[in-house]
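Presented below, as structure tokens, is a lone chain in the form predicted alone.
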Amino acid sequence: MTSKKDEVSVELRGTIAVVTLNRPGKRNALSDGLMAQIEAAFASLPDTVGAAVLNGSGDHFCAGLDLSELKDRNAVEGVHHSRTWHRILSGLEFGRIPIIAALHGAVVGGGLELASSCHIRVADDTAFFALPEGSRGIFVGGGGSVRIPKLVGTHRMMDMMLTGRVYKAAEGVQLGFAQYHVPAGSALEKAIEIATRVASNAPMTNYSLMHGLPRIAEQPADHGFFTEALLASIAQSAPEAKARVRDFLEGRAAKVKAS
């Protein structure tokens, strides 16, 4: 039986870390304790880790908020609870390394909020996406109203919350819930493959992409151009970037080819 001390496990595989939610009996529902362990797991990764995979044990990635923690919460406590989730998930989105989510089974409510804070999402054929908060008389509180419309649009999210609509993997990937669609049971394998590739990039380039692109997208064009110029100059000044450009110019690096 999983104890509260090990509701999140971390496995290091060279330059990547596989972080796994371990509440399969609760379909990996997000409690305050589990959220705290997610935050602690990513904060404690060694500097040698260049990318991470976020996975769920059992049949589901994450079925959302553990509603048993909601029943006695008053309005003031609710605000502070939501802001804590905002801090934790923003820490993932704007952390040190890219995170690839391996999605299977339920990616529902808070689970979709968690997935949307990751940088790349791989959905296997068992994955399904839903926001049942509307039917339960509540509202998203983990940043979903900000992040999810950027993936699929405001009116699609509204429809999901008003009607309880569920999207299966194939349609969900086409709409933007995830970037990759793979056969059932292979999301983790594909996410590890992607994470290994991502971890091989120059760290400052990854950092610039994670922190720069989302902010540039919200800036006026002239501000975005200036931010881009700053990031480009910083990234290319890193010693590793200079070495990679030199390797390319001297014929030691592979050229881009069609698959």
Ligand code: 1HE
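Treat the numbers as computed from the prediction; the structure is a model and nothing was measured. One rule holds for the numbers: they count along the sequence shown, beginning at 1.
The following text describes the form predicted in complex with the ligand, which does not appear among the structures shown.
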| property | result |
| --- | --- |
| Touches the ligand in the predicted complex: residue 95 (any heavy atom, 4.5 Å) | no |
| Distance check, residue 138 to the ligand in the predicted complex, heavy atom within 4.5 Å | yes |
| Residue 26 within 4.5 Å of the ligand in the predicted complex, heavy atoms | yes |
| 4.5 Å heavy atom contact, residue 106 and the ligand in the predicted complex | yes |
| Within 4.5 Å of the ligand in the predicted complex, all of 60, 110 and 132 (non-hydrogen atom) | yes |
| Options 225 to 233, 187 to 195, 27 to 35, 202 to 210; stretch whose heavy atom lies within 4.5 Å of the ligand in the predicted complex | 27 to 35 |
| Heavy atom within 4.5 Å of the ligand in the predicted complex - residue from 48, 219, 68, 44 | 68 |
